[in-house]
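Presented below, as structure tokens, is a lone chain in the form predicted on its own.
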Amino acid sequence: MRITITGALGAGVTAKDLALHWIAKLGADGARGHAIEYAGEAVRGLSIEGRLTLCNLSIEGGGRLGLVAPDQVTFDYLKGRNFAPKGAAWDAAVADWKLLHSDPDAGFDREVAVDAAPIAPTVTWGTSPEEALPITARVPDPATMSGGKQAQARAALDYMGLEAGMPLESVAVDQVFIGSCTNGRIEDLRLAAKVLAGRQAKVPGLVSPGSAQVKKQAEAEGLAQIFTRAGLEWADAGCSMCVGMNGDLVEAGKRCASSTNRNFKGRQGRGARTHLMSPAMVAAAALTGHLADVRPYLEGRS
């Protein structure tokens, strides 16, 4: 299956928003049984970190795996890293990797086209990654849906404590979480820190880097200090609140803005209510105490 994403992502829109957008469009089983190749200008414009987020979330749309054909962005990322070939071996490796792409006349079982331009920062409102909408939207009305989707939406709204027609930006949160294998990379932390720098969070939150290496790098860059000065807790690397590990839980009935990959019932703790979004959007929710559009908070910040 090939998902071709044309155009460019707008300001404040990330790979996480892109993934939630296509999953909402096709459904949580929209890519069931398929290997997904991501292609198009928007994908080529992503960093390796963004591509990893996109591929990581393929399973949330039913995919077996996600991949992006290697290009110069890939080679630049790998060059000089531990275990990367050196010298002539590097040149030979790159020549070999350049062949790892689909042929121009390759046939796919399914082709999907997505326009990146209209995609806005996106959040989930229900208990599946497919139950996602632009932050500027309202909680949907199950009565407008058909078949099993209607019953699923009613159950989701009941669990999430939401009412149809509510503006998503009016939904208050009790806490926030930035982290996970999906969105705990250095690029994610940099963008969230850009939103939070010099500002104060209105709700408590936890920031858990995706690896020990990322944690060390974030501390060296001063990102950890930005989070703590904003009032958030800087934690060790790990799964943490993504799956409610090591005591990092969301209490029953509490609402969490989270950069993780799943919002199933009880995912962050029994009775926890999880809204998925990008790390930058989580930072905006921390500042406002409710789901919020991050774009105004990035204006003027290069």
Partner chain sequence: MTGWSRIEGRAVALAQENVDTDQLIPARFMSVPRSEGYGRFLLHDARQDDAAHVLNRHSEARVLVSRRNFGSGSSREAAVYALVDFGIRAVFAPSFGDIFAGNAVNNGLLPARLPQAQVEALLAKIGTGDCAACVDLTTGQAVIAGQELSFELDPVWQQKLVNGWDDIDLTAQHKEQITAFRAARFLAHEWALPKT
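Residue numbers count along the first chain shown, from 1. Just so it is clear, the structure is predicted and the values come from calculations on it, not from any experiment.
What follows is about the form predicted in complex with its partner chain, which we do not show.
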Q. Of 227-235, 135-143, 171-179, 87-95, which is the one stretch near its partner chain in the predicted complex, taking non-hydrogen atoms within 4.5 angstroms as near?
A. 87-95
Q) Should residue 262 be classed as touching its partner chain in the predicted complex when contacts are defined as heavy atoms within 4.5 Å? A) yes
Q: Tell me, yes or no, whether residue 50 is in contact with its partner chain in the predicted complex, where a contact means a heavy atom of each within 4.5 Å.
A: no
Q.
So in the predicted complex, is its partner chain close enough to residue 102 to count as touching (4.5 Å, heavy atoms)?
A. no
Q.
So, residue 149 and its partner chain: in the predicted complex, are they within 4.5 Å at any heavy atom pair?
A. yes
Q) Within 281-301, which residues come within 4.5 Å of its partner chain in the predicted complex, counting heavy atoms only? A) none
